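Consider the single chain below, provided in structure tokens and representing the form predicted alone.
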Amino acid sequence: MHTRMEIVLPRLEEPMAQSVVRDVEQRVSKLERLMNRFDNASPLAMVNAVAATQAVELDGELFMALELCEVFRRGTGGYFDVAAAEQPRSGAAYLLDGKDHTIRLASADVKIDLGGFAKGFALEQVCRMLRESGVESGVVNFGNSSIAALGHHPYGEWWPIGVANRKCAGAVAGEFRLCDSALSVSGMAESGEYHILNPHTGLRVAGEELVAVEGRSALVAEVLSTALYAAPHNQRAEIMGQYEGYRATELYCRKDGTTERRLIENNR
């Protein structure tokens, strides 16, 4: 997933913490090998290489992930789409066969990229693993853009999570309060690159704002922040209306360190 993972587990004995972290690392590494399209040995790389000419059988987890991606594509008006292509498409970019667990790509220029999905998917699983291990309080951070909090801070009712102002080093664009919830932030990359595409146009989105989404599911928050950033401003509220229990905020960062926050109103 090309990102740094940090885990904070307060009040957990060190041997137990080390054991839990080892299990988490193994699980995340497995997902990385499964979903990294840049790894030529990964199943996803094989899909991108040959699935335009023949059906490719997938293991259960990858097939389920792609099924979820299709559900989210429909639920976001097509603004979340893991199928990138050189030209915008009017029809489906790939076809899943639920009976044989296979995938076919619509054309050779279609490539599946789970970059806007994998971190949220992994974060969701990591949180479940921690809870099953008896962890009641903690934070998991993937690259400062996908964060989940279990329980509350040992000395407060929530975990305070800051989002960096990307135009002013050392400044905070906003603070969010997480308790058994997740936060995902999408926008310009730290390198200054616009890397999120509008699936309807095939063009990179050059929005100056960050889009932050809070909610109970790390996966849904990840998907929504990506879709909302890709979508035109006048369609964002409609997308949010499909996802009850989530809150989305636009953060406009200024070079003087100040930030303007605008809530994306949920139509529901």
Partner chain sequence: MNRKEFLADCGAKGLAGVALSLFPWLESCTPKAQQEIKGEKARIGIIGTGSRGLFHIKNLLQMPEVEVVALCDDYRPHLEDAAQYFPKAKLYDDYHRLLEDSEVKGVIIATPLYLHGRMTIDALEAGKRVFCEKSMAFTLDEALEVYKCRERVGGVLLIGQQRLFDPKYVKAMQMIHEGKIGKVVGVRNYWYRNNDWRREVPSPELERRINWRLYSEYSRGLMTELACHQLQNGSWAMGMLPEKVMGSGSLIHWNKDGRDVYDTVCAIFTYPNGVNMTFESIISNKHFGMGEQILGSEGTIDLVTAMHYTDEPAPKGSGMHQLVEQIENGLMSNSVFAGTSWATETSALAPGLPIMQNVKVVSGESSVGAEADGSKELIEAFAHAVITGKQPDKVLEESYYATQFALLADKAMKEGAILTLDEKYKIPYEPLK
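Since we're looking at a predicted model, the values are computed, not measured. Residue numbers count along the first chain shown, from 1.
Not pictured, yet referred to below: the form predicted together with its partner chain.
Sort through 98 to 106, 122 to 130, 162 to 170, 76 to 84 and report the only stretch with a non-hydrogen atom within 4.5 Å of its partner chain in the predicted bound form. Stretch 162 to 170 is the one.
State the residue from 188, 197, 93, 112 whose non-hydrogen atoms include one within 4.5 Å of its partner chain in the predicted bound form. Contact check passes for 188.
Report yes if any heavy atom of residue 181 sits within 4.5 Å of a heavy atom of its partner chain in the predicted bound form; otherwise report no. Taking the distances in the predicted bound form, the answer for residue 181 is no, it never comes within 4.5 Å of its partner chain.
Find out whether any non-hydrogen atom of residue 4 is located within 4.5 angstroms of its partner chain in the predicted bound form, and reply yes or no. Contact check for residue 4: yes, within 4.5 Å of its partner chain in the predicted bound form.
Wondering, does residue 150 line up within 4.5 Å of its partner chain in the predicted bound form on heavy atoms? No.
In the predicted bound form, does residue 154 come within 4.5 Å of its partner chain, counting heavy atoms only? Yes, residue 154 sits close enough to its partner chain in the predicted bound form that at least one of its heavy atoms falls within 4.5 Å.
Looking in the predicted bound form, is its partner chain within 4.5 Å of a heavy atom from each of 117, 215 and 237? Contact check failed for every one of 117, 215 and 237.
Residues of 116 to 143 having any heavy atom within 4.5 Å of its partner chain in the predicted bound form, listed in sequence order: The stretch touches the partner through 119, 139, 141, 143.
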